[in-house]
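Coming up is one lone chain in C-alpha cells, specifically the form predicted alone.
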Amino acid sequence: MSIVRKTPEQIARMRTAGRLAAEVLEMIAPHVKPGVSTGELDRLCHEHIVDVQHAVPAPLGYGGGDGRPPFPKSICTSINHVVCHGIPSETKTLKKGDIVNLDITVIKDGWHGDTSAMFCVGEVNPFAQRLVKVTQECLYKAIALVRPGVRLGEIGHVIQQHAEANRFSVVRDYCGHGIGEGFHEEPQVLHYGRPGTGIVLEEGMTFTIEPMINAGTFQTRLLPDGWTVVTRDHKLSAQWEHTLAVTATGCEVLTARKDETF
C-alpha cells in the first residue's frame, strides 16, 4: 500500500474529524474519577459521538476476520499496565491512584480523527505522574520535528532518546500510522529509530504519532481476548496520541485540544 498524500480539501475534512475527537476527550475528562466504570466512560463517549456529533466511533466493530472478534466497544480504555486496546467493561472501575489512557477515533463524513490522552485518577504517586509527563513530552518533541524533508527515523529517535534518558522504555510492537479515509494507512510511524533512516516526510501526509512508554521493559503480551496488550513485566505504561498533517513549513495538529498550543 502506498502513502496517500491528502489535498487541502481532504485535510479540511480530517480537521473536522480531528476536532470532534478532541472534543470527546474534553467532554469525558470530568467523568474520569474513582468509582466510574470503563463501561460507563464508553457509553458516555458513544452517545456523544453518535447523538451529539452525528459521527461514528471507529473502534466499534473494527477488525475481526483474523482469528479474533471485532473490537466490541466505541473507545479503548487502558489502565496502569495495559499498553493499548483495553476493552471497556461495566465491571472494571477506576480507583484512586490509577492512570488510564482513553483512545478516541471519530469518523465524520468518511474521514478519521484519532487521538488519546492520559488521565490521573485522584491522587497518583509521583513515579506514575512522571511517566505520564515524560510520555507527553515524547509526543510533543516528536511533533516539533514534523516538517517536509524530515525522515521518520528522526521522529522515532527523539522519542526513544527522551524516554530512555528518563530510564523508561519504548514499546516496539505497536506504532503510529497513516490515517485518512482509512483507519490505518501507510506509513508506519515507529517510536524508536535512528536519524537518517525512514521515509522522507512530504506536504499532505497525514499520520498519527502515539508513543507508548513503559516503566519497565519494552516487551508486551497480548491477552486471550485478542485485543488487550499489557506490559510483560506488569509495570506501568503510558500513551499520548495526536493526528497530524504535514504542511509546507511544518505540521498541523488536527486533534489539538483547547488546552494545547503548538
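Source: prediction; values computed, not measured. Don't overthink the numbering: it's just position in the shown sequence, from 1.
Below, we turn to the form predicted in complex with a small molecule, even though it does not appear here.
Asks: Given a 4.5 Å cut-off on heavy atoms, tell me which of 103-111, 150-158, 188-196, 134-142 is the interface stretch with the small molecule in the predicted complex.
Replies: That would be 103-111.
Asks: Please run the contact check for F168 against the small molecule in the predicted complex: heavy atoms, 4.5 angstroms, yes or no?
Replies: Close contact is absent here: in the predicted complex, F168 is far from the small molecule, nothing within 4.5 Å, heavy atoms only.
Asks: Does the small molecule get within 4.5 angstroms of any non-hydrogen atom of C76 in the predicted complex?
Replies: C76 belongs to the contact set for the small molecule.
Asks: Within 4.5 Å, heavy atoms only: does F119 come near the small molecule in the predicted complex?
Replies: Taking the distances in the predicted complex, the answer for F119 is no, it never comes within 4.5 Å of the small molecule.
Asks: Would you classify H81 as touching the small molecule in the predicted complex, given a 4.5 Å non-hydrogen atom cut-off?
Replies: Although the small molecule is absent here, H81 would stay clear of it in the predicted complex, with no heavy atoms inside 4.5 Å.
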